[in-house]
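Next up: a single chain in C-alpha cells, the form predicted on its own.
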Amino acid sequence: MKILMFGWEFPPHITGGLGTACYGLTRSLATEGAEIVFVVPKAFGDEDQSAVRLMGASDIEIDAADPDTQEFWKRVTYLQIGSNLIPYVTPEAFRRLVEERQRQQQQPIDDLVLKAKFDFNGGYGSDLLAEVSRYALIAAGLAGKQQFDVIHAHDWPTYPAGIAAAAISHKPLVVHVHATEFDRSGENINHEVYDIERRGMEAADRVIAVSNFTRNTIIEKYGIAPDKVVTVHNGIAAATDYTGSTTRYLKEKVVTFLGRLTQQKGPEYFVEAAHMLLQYDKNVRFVMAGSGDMLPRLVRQVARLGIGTRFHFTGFLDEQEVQQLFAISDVFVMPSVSEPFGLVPLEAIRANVPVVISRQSGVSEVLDHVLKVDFWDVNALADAIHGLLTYKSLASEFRKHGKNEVSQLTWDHAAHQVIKIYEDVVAISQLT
C-alpha cells in the first residue's frame, strides 16, 4: 500500500499535538507495510525519515505548461478559499503571478517564467490561507507524478491539497480530523476555515476522527453522513528513558499545566483553580508551561489574583524539558474547553504523574484512572487537585493503573485500524 500523505508539520518542527500524532502514526503504518510519501510545506532537513520519505513543498517546482497542472485548472476551479487564493483559472494567470514575483525580486524574466517554486513558511501566521492555496497547487502537480493508492490529508490546511490530488489522480481521499474550528474558536468560528473543513470532509471517501467527541461534532456541525466517519483514537509513542535530573529544589507540591495558551485549552480555569486552592493550602506551586496568544491576559489574571509568588510561567518547553517538568510534578491538569483528543495526559501518566482532565476531551473516552471534571467547574477542579495532593493512596492507585491503561494505547493499534480504512476505500474505488 502506497500513501501520499499531506501534513502541516513534522517533528522536530511542531507547535502542538498534530506533528506528534503524524509522526507516531506514520512510523506504525510503516511497520504495517505501508510506503509513505509525506509532504509538508517546508522541510528543514533534520526530520526523522526512517519511516517516511519527506518532501517539502518549498522544493517542488510547478510548471504551468505541464498537462497535469493544466488539468488541475480545468477540474478544480471550486477550490477558492478567500482573497489570498492563487488564481486557478488559466496558465496566463499563473504567468502573471510569476512575473510579479520576479519583478519583486528584481530577477530577469525569460522563457522559463512558467516554472516556479513557492516559498512556504510552514507556520500558522497571517498568510496561512495563501500558503494553503499554494500548497494545493503543489499537490496537484505532485499527484500527477507520484504512484500511490490512497491520499491521506491531516487537518484543514491540507484538505484543499488532498482534494486537488484526488481530482488529478482519481485516487481515494481520506481526511484526518485532529481538531475542528469549533474546538479552536468555540461558536465564534472563522467561516473561511469552516468552509474548507466542510469541503474536505464532503470530498473525502472516509473521514477519520480522533475521538467519538470529534466524530459527533463532524456529524452534527458539518452534516457529514455517520457511516462515512470512523473513530480512530490516538496512541502514544514508546517511552524513551529520561536521563535528566530528578532532584527537587522545591519543598512545595507542584501542579502543572502544559499546552498551548489558547482558549481551547482552558488555561484561565487552571489559574482560577490555583487561586481557589491557595486560599487554604499555601504549600503548592503552579506551573504553566507553553506559549500562545493568551499569555499576556493570563499574566494579568495571575497578578490581579495576587498569586504571582506561587505561579510560574515557563514558556515553550522542548521534549527534554517537558520530561524534567514531569519528574518534579505531583499533579498534571488539562482543563480543556474542547479537546478532540489530548496526548499530553498520556505522557504525564507514563511519567508517573496523576492526572485531572476535563470531561470535554476525547482522551476521557479511553482513560478511567484519572479524575474528570467539567472545564467550567472551578470548584470541582480545585477539589480534584487537592484530593490528589492530599490522599497519597489515591494518587498511588492512579499512577499504578493509569500506566497500565496507557500501555494499551499504541500507535500500532491505530495504524492497524487506518490500514483497514485504506483497504476499504481502495476496494470501493476499484468497483466504481
Partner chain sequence: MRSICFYFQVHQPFRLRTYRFFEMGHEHHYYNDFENKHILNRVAQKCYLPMNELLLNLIGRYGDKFRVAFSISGSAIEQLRDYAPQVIESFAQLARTGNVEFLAETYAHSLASLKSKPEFERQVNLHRKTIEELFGQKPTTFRNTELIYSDEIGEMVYNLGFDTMLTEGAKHVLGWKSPNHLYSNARKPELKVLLKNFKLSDDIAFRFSHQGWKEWPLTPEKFTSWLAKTDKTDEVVNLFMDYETFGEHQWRETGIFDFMKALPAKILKNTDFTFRTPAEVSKILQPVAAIHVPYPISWADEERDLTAWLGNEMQDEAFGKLLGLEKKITNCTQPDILRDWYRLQNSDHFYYMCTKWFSDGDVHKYFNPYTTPYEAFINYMNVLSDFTIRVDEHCVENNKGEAKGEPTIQHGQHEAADSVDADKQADDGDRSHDFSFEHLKNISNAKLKKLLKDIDAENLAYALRDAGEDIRDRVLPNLTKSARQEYDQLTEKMKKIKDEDIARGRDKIAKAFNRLFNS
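Residue numbers count along the first chain shown, from 1. So that the term is clear: the rigid core is the largest set of C-alpha atoms that superpose within 1.5 Å between two forms. As the structure is a computational prediction, the values presented were derived from the model and not from experiment.
Below, we turn to the form predicted in complex with the partner chain, even though it does not appear here.
Though the partner is left out of this view, A30 does not reach within 4.5 Å of the partner chain in the model of the complex, counting heavy atoms only.
When the partner chain is considered in the model of the complex, D377 lines it closely, a heavy atom lying within 4.5 Å. Not displayed here, the partner chain is kept clear of E47 by more than 4.5 Å at the level of heavy atoms in the model of the complex. With a 4.5 Å cutoff on heavy atoms, Y280 counts as touching the partner chain in the model of the complex. Taking A34, A384, V363, V39 one by one, only a single residue has any non-hydrogen atom within 4.5 Å of the partner chain in the model of the complex, and it is A384.
The listed set K145, R304, R297, R359 contains one residue whose heavy atoms approach the partner chain in the model of the complex to within 4.5 Å, identified as R359.
Annotated contact segment (heavy atom within 4.5 Å of the partner chain in the model of the complex): 395-403, selected among 52-60, 39-47, 22-30, 395-403. Heavy atoms closer than or equal to 4.5 Å to the partner chain in the model of the complex belong, across 356-370, to the residues R359, D368, H369, V370, ordered by sequence position. With the core held fixed, E405 shows a CA shift below 2 Å between the shown form and the other one.
Taking the rigid core as fixed, one finds a CA shift for K282 of 2 Å or more between the shown form and the other one.
If you fit the rigid core between the shown form and the other one, you'll see the Cα of R310 move by 2 angstroms or more.
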